[in-house]
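Let's start with one chain on its own, the form predicted on its own, as structure tokens.
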């Protein structure tokens, strides 16, 4: 696995929803090597472990990396307090990302909450052939809707409380969509229970599905073994696989959803 430790300057920062920040950083080397679905590891102040942040976008020509993250603890709170002009110590790109097929194929992209950001590069790749279904607790928590629309994708917004878009879960919206539209491949990232439901719907219809798993990470490069998730071996036997190195993206059929 090839990755770089690079110091980058924050060139843009804004709060796009309560506690959720959109940050652009100048990281020419990492931006040139980045792929949809990968992540970076960032030093956050004096905290011992780096914090893994998914890559929301990358521009190799401008040398910039975009990250959208939510304050979840002390590390991400420190990161949210950084301002334009501050520097960040970043390692990346890390992990195994999404496999993108022919962009003339029909893709459905399902994101839940803060699992939505790493799906934006996929929507940009498929453009008008992508349908993006995103789910949030309430309207004020919804993010990146304009970005997905700007990519040319059809968007379906779901909220748990019915304050915007479809009143219900993303899996319900997906099932309705699949009943009336063609789909060649599915991509998803978000809560495990949501992805499990998406995987089940894809399997029942024989549709290829890629999932981005989330586990607590230590090193981010496969050495500490603290981010393993349950997967199935070639013979269907149970095993544990490192999310940071062998993932975070897996074929949904590989994942042992009951582990």
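Owing to the predicted nature of the structure, the values given are computational and were not obtained by experimental measurement. Residue numbers count along the first chain shown, from 1.
Here the subject shifts to the form predicted in complex with a small molecule, a form of this protein not shown in this document.
Visitor: Within a 4.5 Å heavy atom cut-off, is residue 145 in contact with the small molecule in the model of the complex?
Guide: Result no; residue 145 lies far from the small molecule in the model of the complex.
Visitor: Can residue 74 be called a contact residue for the small molecule in the model of the complex at 4.5 Å between heavy atoms?
Guide: Residue-level check for residue 74: yes, a contact with the small molecule.
Visitor: Any chance residue 59 has a heavy atom within 4.5 Å of the small molecule in the model of the complex?
Guide: No, no contact at 4.5 Å.
Visitor: Even though the small molecule is not shown here, does residue 114 get within 4.5 Å of it in the model of the complex, heavy atoms only?
Guide: So residue 114 counts as contacting the small molecule.
Visitor: Please state whether every one of the three residues 39, 53 and 216 places a non-hydrogen atom within 4.5 angstroms of the small molecule in the model of the complex.
Guide: Yes, all three are in contact.
Visitor: Could you spot which one of 34, 68, 195, 202 gets a heavy atom to within 4.5 Å of the small molecule in the model of the complex?
Guide: Going through each option in turn, the one that passes is 68.
Visitor: Select, from the options 45-53, 230-238, 26-34, 202-210, the stretch whose residues sit within 4.5 angstroms of the small molecule in the model of the complex by heavy atom distance.
Guide: Looking at the other structure, the answer is 45-53.
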